[in-house]
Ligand code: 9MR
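Shown next as structure tokens: one chain only, the form predicted on its own.
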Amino acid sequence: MGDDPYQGCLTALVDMFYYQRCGDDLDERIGPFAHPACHNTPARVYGTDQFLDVTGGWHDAGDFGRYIVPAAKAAADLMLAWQWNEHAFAVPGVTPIREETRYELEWMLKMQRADGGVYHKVSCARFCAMIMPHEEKEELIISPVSTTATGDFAACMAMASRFYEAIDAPFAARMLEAAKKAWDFLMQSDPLLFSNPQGVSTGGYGDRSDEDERLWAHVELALATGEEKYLSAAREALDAIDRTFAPLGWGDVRGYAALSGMQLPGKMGAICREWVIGAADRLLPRINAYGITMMERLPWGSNMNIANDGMLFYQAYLLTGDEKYRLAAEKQLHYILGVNPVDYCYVSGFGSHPMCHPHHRPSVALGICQPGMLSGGAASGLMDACAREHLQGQPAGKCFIDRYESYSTNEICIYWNSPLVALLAGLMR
């Protein structure tokens, strides 16, 4: 893998997305995790007798649902990773990142309704047992349209249209047209915030506001087209949005608007550059002895937040050349790879003390840990029975248990791997 000690880890983190493919025959290159195509029957639109082909995409997490909101974050992270260091992916044996990202984008396109609105997710009605993907045979249900999914879709498709334009112009044009249709739907719609419909209990990815998703959509369409209606919408939304921080989460995508918005013309670009640097500066004083910006309370999926912070610090370093930001970005990576209160490398298959028992159905079903997956990590809320049984009284940084039953501390997700791919690729530059 060359002289870079991180290359093997990056390769495994990217390969994870191939392992997570839905609706595809996964071949022998992934050994025991190979399986025939799964979830390849038409899915029913909730509350109707309409069935649609929504095959493809990535399984979101340790379950087999596919959700637009986190899909947009994951795809955006992988595109940023390529932008920051395409050479890290031009290594023999590394999954072609543009090809893999396209697999998710093609599925996302199938989730758009004729009027431009985007269905929030497709899954079975409830989580299945710890079985292999092709063994889940329950009816697939497409949950209703939301404006958060539609906004994320519009932004991600417009971003991807720029990313693919030079290598596949027809695909880029198709995505841009879909982004415009989604934007038009947003402009005609009041907020449609998602909660699970009756009888469906899989991941919700609900939100309290769609303002950040709309902002990201405005910014990306302004960049993709240069048209005044998108520029004007971006300008107005930038003036109205809280620019204290620049989150890169699935529930708050302001940071993606900021990172892309730096390329906007004139004052808007300057505002976004100041936004990114200012947000990084507000995080720097929070860094503690373990190098991360939080410890007293760690949320579910804390390692995503830590990798997200690393991405923001790395972008501030690119803008300024100031080594303090690069050092801060490196500290986020070091925490994830083992410099943490539980002494775990949170990436399966790496380090002297790796996470080995994730809440991940194929790993549990086979009794073998799939490599290259980032655990959610310590979560102080003790949000599952296993965590409550074993972690009572522990400080936040030690609220982690390497057992598959603890979904709140030890699940895996595509949108946890993706920011770590971006952070690692950037720091390898």
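Sequential numbering from 1, following the sequence displayed. Every value quoted in this text rests on a predicted model; they were computed, and no experiment measured them.
Same protein, other form: the form predicted in complex with the named molecule, not shown, and the subject of what follows.
is_contact(F245, the named molecule) in the model of the complex, heavy atom dist at most 4.5 Å: Because no heavy atom of F245 falls inside 4.5 Å of the named molecule in the model of the complex, the answer is no.
Contact label in the model of the complex: G204 to the named molecule, heavy atom within 4.5 Å: Yes, G204 sits close enough to the named molecule in the model of the complex that at least one of its heavy atoms falls within 4.5 Å.
Non-hydrogen atom contact C413 with the named molecule in the model of the complex at 4.5 angstroms: Heavy-atom contact with the named molecule at 4.5 Å: present for C413.
is_contact(D63, the named molecule) in the model of the complex, heavy atom dist at most 4.5 Å: Yes, D63 lies within 4.5 Å of the named molecule in the model of the complex.
Residue among H359, K331, R102, K181 with a heavy atom within 4.5 Å of the named molecule in the model of the complex: Of the candidates H359, K331, R102, K181, H359 is the one lying within 4.5 Å of the named molecule in the model of the complex.
Interface residue in the model of the complex among W250, W107, F89, Y230, criterion: non-hydrogen atom within 4.5 angstroms of the named molecule: Exactly one listed residue reaches within 4.5 Å, namely W250.
Which of 33 to 41, 63 to 71, 363 to 371, 395 to 403 sits within 4.5 Å of the named molecule in the model of the complex, heavy atom basis: Going through the listed ranges, the match is 63 to 71.
Residues of stretch 109 to 130 in contact with the named molecule in the model of the complex (4.5 Å, non-hydrogen atom): Contacting residue: only F127.
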